[in-house]
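Only one chain is given next, in structure tokens, and it is the form predicted on its own.
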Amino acid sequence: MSKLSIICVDDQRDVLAALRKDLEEFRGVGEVVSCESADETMDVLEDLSRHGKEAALLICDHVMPGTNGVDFLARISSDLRFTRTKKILLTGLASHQDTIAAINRARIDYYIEKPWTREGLIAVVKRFLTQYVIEAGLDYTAYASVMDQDTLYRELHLKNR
């Protein structure tokens, strides 16, 4: 079983530390990587790609120095190497226009507003990791401890139609 890569992007180290702590229950099946910028994240994604791997999930802040989260996620969405990577925008400062751009241009899978709850974050991460595992054709039984059962049944049903 290969570990699932979960990449968290935020320029604030305390936010990254909180995300890592909240995502500890995925440690057995995944690796949580913290990045402080879009450029650093792109380096991590390029490195994964060079090794024939991809990120399962990208949790990205919107307001960051340099490239903002929506522009970065739009870039990721347009790169064919990362089509299966699930994208979550995590922010407390997005405007209505930012949110529309995130959905339409960056094709995000989900939007989480800061401050988040641990339980809410875990539920969303489980749902999207489950979708990723099924879409990537991985043996889902190896990841059973972190699968969202409702999502798993729905995805398997859709896949086998």
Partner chain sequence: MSRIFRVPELARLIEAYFSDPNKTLTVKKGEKLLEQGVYNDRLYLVLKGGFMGYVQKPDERQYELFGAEEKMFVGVYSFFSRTFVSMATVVASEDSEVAFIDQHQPALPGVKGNSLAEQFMPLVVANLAQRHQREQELFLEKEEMLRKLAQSEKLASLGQMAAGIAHELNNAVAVMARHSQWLREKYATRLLSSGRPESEAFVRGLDKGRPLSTRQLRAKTRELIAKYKLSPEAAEKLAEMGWTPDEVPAGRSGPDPAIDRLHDQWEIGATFHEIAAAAELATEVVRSVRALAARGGEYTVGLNINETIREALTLLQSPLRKVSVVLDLAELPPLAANRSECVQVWTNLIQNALESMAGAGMDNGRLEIITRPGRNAVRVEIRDNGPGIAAADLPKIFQPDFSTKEKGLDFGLGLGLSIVERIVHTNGGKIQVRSRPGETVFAVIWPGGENHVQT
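Owing to the predicted nature of the structure, the values given are computational and were not obtained by experimental measurement. Numbering follows the first chain given and starts at 1.
Unshown form predicted in complex with its partner chain; subsequent notes refer to it.
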item	value
Contact segment among 131-139, 52-60, 113-121, 27-35, judged by heavy atoms lying within 4.5 Å of its partner chain in the model of the complex	27-35
4.5 angstroms heavy atom contact with its partner chain in the model of the complex for A144	no
4.5 Å heavy atom contact, L16 and its partner chain in the model of the complex	yes
Contact label in the model of the complex: E46 to its partner chain, heavy atom within 4.5 Å	no
Its partner chain contact at D109 in the model of the complex, heavy atom, 4.5 Å	no
